[in-house]
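Heads up, the chain below is alone and in the form predicted on its own; it's given as structure tokens.
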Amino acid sequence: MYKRFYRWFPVFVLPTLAAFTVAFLIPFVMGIWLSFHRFTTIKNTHFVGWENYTRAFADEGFMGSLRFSALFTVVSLITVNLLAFVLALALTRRLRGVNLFRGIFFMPNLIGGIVLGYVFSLLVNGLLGFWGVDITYAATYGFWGLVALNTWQLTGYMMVIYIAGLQNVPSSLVEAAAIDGAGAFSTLWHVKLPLVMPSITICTFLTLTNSFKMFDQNLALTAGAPERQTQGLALDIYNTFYGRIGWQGVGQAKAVLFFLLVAAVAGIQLWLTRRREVDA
């Protein structure tokens, strides 16, 4: 059986490997190569070395977007995961209509980012209209509007992962803790949380990467207004590449730096959270 499996393994892997190579690996390598060039088209390039990276770090818009994305990601990590875990705790109890509530909370994750951003913009601007302002009136409004939108979209998905983790906690350990006199909070802190750490690792990783990479929601809700103060890294890269003549190489350099930053932060997060995982 194993010989047959290994014989046909390349046949099944080849289509996926070919798609990965054509759609990701080749463009990724070309992107790194282009980040060291000044260009208007792929054929019209001029090697400039590290100049694009120097210009990227000197661009105040890029550094401002980095600060905005970092703060936004930290706040979103807390709001998304805290709310998702609380909902998971509530919806793993024996309540009537639990499956209905799970579906309702998960539904925003099924809506595309652009559509969700415009719908949320109508709702928020309709509310702020009573005071004669909109979400682009001040950077604070835009920041918390994006946090609320991101939390609304991601919470349901993270909730499902936390529910799966909580349902895998052995009931015998919970019963043993109750027999030993542990209260609800002690059981949660000392029994459930350590065993749900794999779910916490996954959810924090997904929240971190999605928050850093947020683009379509940012574009639809604020488009960086006012004065690019609510512009995330992904939107800044897009505006640099497509909105500034002669800056295509700088935009590509920013994209490479963006990839390295997200990969490094995500790697550190995975290392820190996996250290706290325990076996049941």
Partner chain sequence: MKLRFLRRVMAAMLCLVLLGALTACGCARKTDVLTVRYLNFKPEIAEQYEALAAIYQRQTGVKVIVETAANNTYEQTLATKMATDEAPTLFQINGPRGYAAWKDYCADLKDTELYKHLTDQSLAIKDGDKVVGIPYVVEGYGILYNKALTDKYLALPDKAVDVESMDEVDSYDELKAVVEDMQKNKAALGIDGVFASTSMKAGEDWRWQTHLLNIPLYYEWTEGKVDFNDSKAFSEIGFTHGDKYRNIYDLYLNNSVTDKKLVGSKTVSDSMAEFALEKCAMVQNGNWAWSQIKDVSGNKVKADNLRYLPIYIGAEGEEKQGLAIGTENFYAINSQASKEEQKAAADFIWWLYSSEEGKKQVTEKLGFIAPFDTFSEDETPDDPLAREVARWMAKEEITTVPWHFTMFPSARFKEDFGASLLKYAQGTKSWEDVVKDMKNGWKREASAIG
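Bear in mind the structure is a predicted one, so any value in this text is a computation, not a measurement. Positions refer to the first chain, counted from 1. Between two forms, the rigid core is defined as the largest C-alpha subset superposing within 1.5 Å.
Unshown form predicted together with its partner chain; subsequent notes refer to it.
Taking L25, L260, V11, I268 one by one, only a single residue has any non-hydrogen atom within 4.5 Å of its partner chain in the model of the complex, and it is V11. Taking a 4.5 Å heavy atom cutoff to its partner chain in the model of the complex, the contact residue among F47, W50, Y242, W33 is Y242. Looking at A18, you'd find a heavy atom of it within 4.5 angstroms of its partner chain in the model of the complex.
Put simply, V29 is far from its partner chain in the model of the complex: not one heavy atom of it is within 4.5 Å. Mapping the unseen interface onto this chain, T136 counts among the residues with a heavy atom inside 4.5 Å of its partner chain in the model of the complex. Proximity of N125 to its partner chain in the model of the complex: non-hydrogen atoms within 4.5 Å are present.
Heavy atoms within 4.5 Å of its partner chain in the model of the complex belong, among the stretches 91 to 99, 181 to 189, 201 to 209, 125 to 133, to residues of 125 to 133. If you take 161 to 182 and check each residue for a heavy atom within 4.5 Å of its partner chain in the model of the complex, you get nothing at all. Relative to the superposed core, W271 shifts its CA atom by less than 2 Å between this form and the one not shown. A movement of the C-alpha atom of V13 reaching 2 angstroms or beyond is seen between this form and the one not shown when the two forms are aligned on their rigid core.
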